[in-house]
Structure formats: C-alpha cells, structure tokens
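Only one chain is included here, represented as structure tokens and corresponding to the form predicted on its own.
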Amino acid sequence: MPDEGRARHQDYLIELPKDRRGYPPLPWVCAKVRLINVYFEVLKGPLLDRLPPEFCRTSPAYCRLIIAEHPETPAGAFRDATIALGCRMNMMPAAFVAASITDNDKVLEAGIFERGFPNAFGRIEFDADGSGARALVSDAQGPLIEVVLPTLQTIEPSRLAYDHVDALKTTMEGKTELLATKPDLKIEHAAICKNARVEYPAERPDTPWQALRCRNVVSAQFVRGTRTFDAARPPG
C-alpha cells in the first residue's frame, strides 16, 4: 500500500497581509530566467509529516529544490526558492510545496493570493557562469540552505522536463485551498552537474529547509529560459 501524507491542512495556514499593496496582473512572462533545480533523497518520516493526505510519497522519498533568478518581469527583478516534496496524486507525479521564499514584495503578494507560493520573504544569493552555479537561501534569522554546482555539462534542453507544482493557499476566509501550477518553464539552455552539493551553513532544524535534510543528491541541473509566473488552479 502507498504511504499517504499525514500533514494537516491547518499546518499550512499563514497570516494574510492586512493591506494589499497590489501587483501586476498575472500571468507574467519572465525572460532570461536562470534556474537551479536539484533532486535529493530525504528520510520518509519528515516528508510524510509535511505531505497532505491527498498525496502519496514516492520510493525513495525525495525533495525538489528550485532556486530561480528573474531579471526582467512586470513586477521587477526577483529571485525565489522553493523546496517541494516529491509525491504522486492519483498515481501521477507531482511536487508539493513545503516552504518557499522570495525577495520581492510584489512577488510575495502575488504568490500568497494567486498561487500559494512563494509565501515568505527572505534573501537569495545567486551566482552562475558557464562553468558552475551557486545559490544561498536565507530568511530573517539567517542562512537556511546552500546549493553548489561546481561543474556543468551542457545537454540538450529536450532531455529535461519538470512536473507541475502544488501548494496549499490560505483563503480570505481563513481556510486552505489546494492549487496546482502548470509546468512553467520553456528551457532554452540546459546543463547537468554530477558533483552537486546541498549544504547547511547554520543549524536550523526547526525549518522545513533543514528538517527535510539532503541525504544524497540524485540529480542537479542549471537551466536558462522563459518562465511564465501564472495563477494556480485546483488540481485536475
């Protein structure tokens, strides 16, 4: 029998902003995006503790770490980071957002009200060139997670494809709504890294970023392309 998630929807309720500042209407077509995408194995217990019962875990249990830089968007330049749980819904592959961060106020508000993620403010360092890439994700209390791709090997973009990402959004009524975003990246350049590292600069075991600790990097990619930042819809 598959292992169903055991998280409560209430675990993902957040406090909505009291004043809506406004953001450009979605969708946003974001050109020249650079993205680090890493899959890594985790212990199944912490994953099931954060996975809603609509989903089942995969075997082995894994997470997907997505860190992206968007230099040109209707909301201005921004970076965002997401740690998602590898899972299945109705036997189809998916990823469920356990935690997410952005460094742009308008993106934060659009994420909270339109997608369910990103839903927290933080700082993201992102560096990349033709030979390697690195990103560091922090919140107000300090560093959370760092990923390093020391060497890159170019591959055909058609070799990569990403599943949809689901999240729980807090509604104005103080309830949760399960939403799904479509695969949103048109990949124009792709590279893989066979010696990627996921590291933890400071001990923060109370956060999902570290409770879902990397046990083994399965796959790591660096891509460039065009991302469509769009509103989410109910699954199916």
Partner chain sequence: MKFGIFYEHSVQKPWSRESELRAYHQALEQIELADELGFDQVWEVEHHFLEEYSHSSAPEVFLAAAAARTKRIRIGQGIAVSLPQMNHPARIAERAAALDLISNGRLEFGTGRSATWTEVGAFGIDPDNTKEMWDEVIRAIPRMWTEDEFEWNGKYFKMPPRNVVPKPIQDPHPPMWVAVSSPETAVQAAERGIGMLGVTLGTPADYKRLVSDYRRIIKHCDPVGKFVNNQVNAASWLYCGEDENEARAVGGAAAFNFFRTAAHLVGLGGIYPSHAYTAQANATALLSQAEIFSLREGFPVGTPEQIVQNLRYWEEVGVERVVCMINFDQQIPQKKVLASLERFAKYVMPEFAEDRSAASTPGSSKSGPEAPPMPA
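Positions refer to the first chain, counted from 1. Computed from a predicted structure; not experimentally measured.
Not pictured, yet referred to below: the form predicted in complex with its partner chain.
(request) Identify, from the list Cys56, Ile66, Ile187, Leu179, the residue with a heavy atom within 4.5 Å of its partner chain in the predicted complex. (result) Contact with its partner chain in the predicted complex is made by Cys56 alone.
(message) By the heavy atom within 4.5 Å rule, which residue out of Ile112, Val148, Leu160, Ile124 makes contact with its partner chain in the predicted complex?
(response) Of the candidates Ile112, Val148, Leu160, Ile124, Leu160 is the one lying within 4.5 Å of its partner chain in the predicted complex.
(message) Just checking whether Pro235 would be counted as a contact of its partner chain in the predicted complex - the rule being heavy atoms within 4.5 angstroms.
(response) It does not: once its partner chain is placed as it appears in the predicted complex, Pro235 has no heavy atom within 4.5 Å of it.
(message) Can you tell me whether Arg197 touches its partner chain? I mean in the predicted complex, with a 4.5 angstroms heavy atom cut-off.
(response) Arg197 lies outside the contact set for its partner chain.
(message) in the predicted complex, does Thr226 come within 4.5 Å of its partner chain, counting heavy atoms only?
(response) No.
(message) Since only the chain is shown here, I'm wondering whether Ile192 would be in contact with its partner chain in the predicted complex (any heavy atom pair within 4.5 Å).
(response) Taking the distances in the predicted complex, the answer for Ile192 is yes, it comes within 4.5 Å of its partner chain.
(request) Please determine, with the chain shown alone, which of 205-213, 37-45, 23-31, 169-177 has non-hydrogen atoms within 4.5 Å of its partner chain in the predicted complex. (result) Flagged stretch: 37-45.
(request) Run the contact test on Pro60, Met92 and Val218 with a 4.5 Å heavy atom cut-off to its partner chain in the predicted complex and return yes or no. (result) Looking in the predicted complex, the three residues Pro60, Met92 and Val218 all sit within 4.5 Å of its partner chain (heavy atoms).
(request) Taking only heavy atoms into account, state which residues of 98-133 are within 4.5 Å of its partner chain in the predicted complex, ordered by sequence. (result) Result: empty, none.
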